[in-house]
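First, one chain by itself in structure tokens, the form predicted alone.
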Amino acid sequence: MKLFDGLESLVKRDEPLASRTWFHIGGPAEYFVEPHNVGQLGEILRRCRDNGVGVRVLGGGANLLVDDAGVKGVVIHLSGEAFRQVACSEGLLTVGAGHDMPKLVLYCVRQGWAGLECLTGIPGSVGGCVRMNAGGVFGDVGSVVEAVEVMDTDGVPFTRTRDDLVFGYRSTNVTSRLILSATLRIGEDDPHRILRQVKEIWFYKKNSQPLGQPNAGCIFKNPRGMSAGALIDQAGMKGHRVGGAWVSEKHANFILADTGARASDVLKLINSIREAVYNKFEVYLELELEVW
């Protein structure tokens, strides 16, 4: 049996990934697969396991740099309606991993559901945000997660509850390859009050981050007790350019990309930033960005 016999309609060969990332950079996926439901997803995972084919999962593409040559193996994208469902019951909001986080925040505002305001301006999918415990100065998603539904390499779904979950700074102990959904704790509140808070956070980010230009969010994690952006700034790297990539003048922990920029430009710039910061402060910056 060939790898995708009977599932050909779900698969694209050599699918460009650049347009699916916020950087707009990178080559194609050898196989790009969009299952319609959990059953198809499980079958794909089993076949990949049995055939020794590597699997990656693409969320919103917000925290990702894809190599110029692209990636081998299978890239799974949970774009189907089955992976974007939203259900609320007794103060718990269960959301499919493929749902867009910014849209979810606005949906909660309209419904008068409080709890996700701290995620205003955080791009990406719900699954991706949970995987890396996305957040910022106002809080992170891990503070409201009550349960996570995942799928193992046998294609079997199971649920991990709050007492089995550990969320750290841009990290979690969820190691399963696929997140299917997350259950988030919310509370009822005045929609006008929630909207005011969302606007305040949005304006703060608009004034302090280079929104609207191709980038992948913060490139480096903040070292304990320090700001990566401040270290990069003090190392004299603001505005530093390599090819079509340069360090934002507005926030030094953001790398911006011109049209035509290459992943190799970004990677060379990352190395230059690390070297400059280490030479000045003897601090090694750890990537927050995921590189394929």
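Residues carry their position along the shown sequence, with the first being 1. The structure displayed is predicted, hence computed values, not measured ones.
Form predicted in complex with a small molecule: not shown, discussed below.
Site annotation in the predicted complex: the residue of Thr183, Asn222, Thr172, Asn215 reaching within 4.5 Å of the small molecule with a heavy atom is Asn215. The listed set Ala228, Cys48, Leu58, Ala235 contains one residue whose heavy atoms approach the small molecule in the predicted complex to within 4.5 Å, identified as Leu58. At the 4.5 Å threshold, heavy atoms of Leu93 stay clear of the small molecule in the predicted complex, well away from it.
The small molecule is not drawn, but in the predicted complex it has a heavy atom within 4.5 Å of Lys205. Contact check for Glu286: no non-hydrogen atom falls within 4.5 Å of the small molecule in the predicted complex.
Interface membership of Ile122, defined by any non-hydrogen atom within 4.5 Å of the small molecule in the predicted complex, is confirmed. Only one of 187-195, 129-137, 107-115, 154-162 lies within 4.5 Å of the small molecule in the predicted complex by heavy atoms, and it is 129-137.
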